[in-house]
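The chain below stands alone and is given in structure tokens; this is the form predicted on its own.
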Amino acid sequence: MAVNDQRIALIDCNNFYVSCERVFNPALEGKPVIVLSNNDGCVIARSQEVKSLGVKMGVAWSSVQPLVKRHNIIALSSNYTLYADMSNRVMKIISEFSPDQEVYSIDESFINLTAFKHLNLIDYGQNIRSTIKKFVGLPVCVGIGASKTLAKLANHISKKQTVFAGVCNLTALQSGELNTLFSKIEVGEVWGVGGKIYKRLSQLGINTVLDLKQASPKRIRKQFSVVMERTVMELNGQSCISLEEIAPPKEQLMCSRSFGRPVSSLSELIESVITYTTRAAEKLRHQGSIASSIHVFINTNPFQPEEQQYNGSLLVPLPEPSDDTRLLIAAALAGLRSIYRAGFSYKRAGVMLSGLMSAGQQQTGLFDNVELQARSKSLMEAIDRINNLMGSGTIKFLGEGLDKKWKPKSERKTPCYTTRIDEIPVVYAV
């Protein structure tokens, strides 16, 4: 297989949520820190110190209490507003190192460095690391390869093996060096190899990255899928997965949260559904889409089997596809009133927008009120503009409620240091 001349880099923030918290609280450096999910329910981020203690991702907060007490683990509620803003700052810096960028996730970004391959890419990667550390304060690692799969693998190596000092460029290694390196890495570390595929590969005697690299692509395709065939080809330096410089719009948008306490009244469920519909509508307009229907659902707590259980849901079609929060709320509440049953303690509610299409594809009907549609568009744009400028929730619907006693617990949440004027950190000279 011929290796291409492409150079792809993956920049990944280390322990992202924990690192964001450490930027504004340096006292957390070197200490075991975990970040909890909505409602402080389970562990969604761990510092390296916590990983070394064997705490797994997704375990219940209650189950790690013995370790918390024994090792003085510091637990923080998730602060997604802070994490999103820090992510945007990192991605902007990364974009200055290459015009071809794919923002893969909140803490990962691919960039195409083919045009810079005449440079020392290890030095270039170190420049990326030091620039992000200087201007944002976050530690990152850089992996470079001839394909996205190799870049992902290189990033894993850069984190696990200190000899690479945070930057691993696989294209700078000789074939023998690569094979030796790959022979020591479990095949489960390859991008796209999940638990089930890992077990099936093991049954075929494919246990390391080198084993998979040397496997027959046609055989892998026959026994797995064309996706796994491409993975083998990518491990051999053939680029099969292109960079998505513009993320495709999502086909569905969901907003759902668990309540901070059991909810039984219809009025509180209405507040939550209006809140979630408003958030979903903001995401809908942000990606330039309109929705054809809205799915509303409410659930009791499945972890309380001694209580009566009920799961209600309903798909409500819209008369016309829309991104108007008011119309979406009206449809969601109609669905909620239809599925609500008194006498139950509800733990969760949510909405999902579906049947999405580009707002530019909507056709005007013969009897449509064009003036009313234009006013709706202007109103939604004005609300979004104010909320983007002044902070989320500056303009909101009264039906969302003022007290929100049902809102998720976040007893350990840190301030929104970068997005709220009243929570900006203050430094006093001594």
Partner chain sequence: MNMHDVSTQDSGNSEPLPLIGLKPELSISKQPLFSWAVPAGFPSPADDYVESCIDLNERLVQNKEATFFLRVQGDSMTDLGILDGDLLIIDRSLPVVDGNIVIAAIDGEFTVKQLVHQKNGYVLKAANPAYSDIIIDPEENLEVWGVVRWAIHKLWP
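Bear in mind the structure is a predicted one, so any value in this text is a computation, not a measurement. Residue numbers count along the first chain shown, from 1.
The form predicted together with the partner chain is left out here; the points below concern that form.
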item	value
In the predicted bound form, the residue from Gly137, Pro302, Gly288, Pro262 that sits within 4.5 Å of the partner chain by heavy atoms	Gly137
Option touching the partner chain, based on a heavy atom within 4.5 Å in the predicted bound form, out of Gly54, Pro26, Gly58, Pro66	Pro26
Interface segment, criterion being heavy atoms within 4.5 Å of the partner chain in the predicted bound form, picked from 329-337, 203-211, 91-99, 304-312	91-99
4.5 Å heavy atom contact, Asn369 to the partner chain in the predicted bound form	no
4.5 angstroms heavy atom contact with the partner chain in the predicted bound form for Gln48	no
Interface membership of Leu389, the partner chain in the predicted bound form, 4.5 Å heavy atom rule	yes
Contact flag, Asn15 vs the partner chain in the predicted bound form, heavy atom cut 4.5 Å	no
Contact set, 391-425 vs the partner chain in the predicted bound form - heavy atom within 4.5 angstroms	Thr418, Ile421, Ile424, Pro425
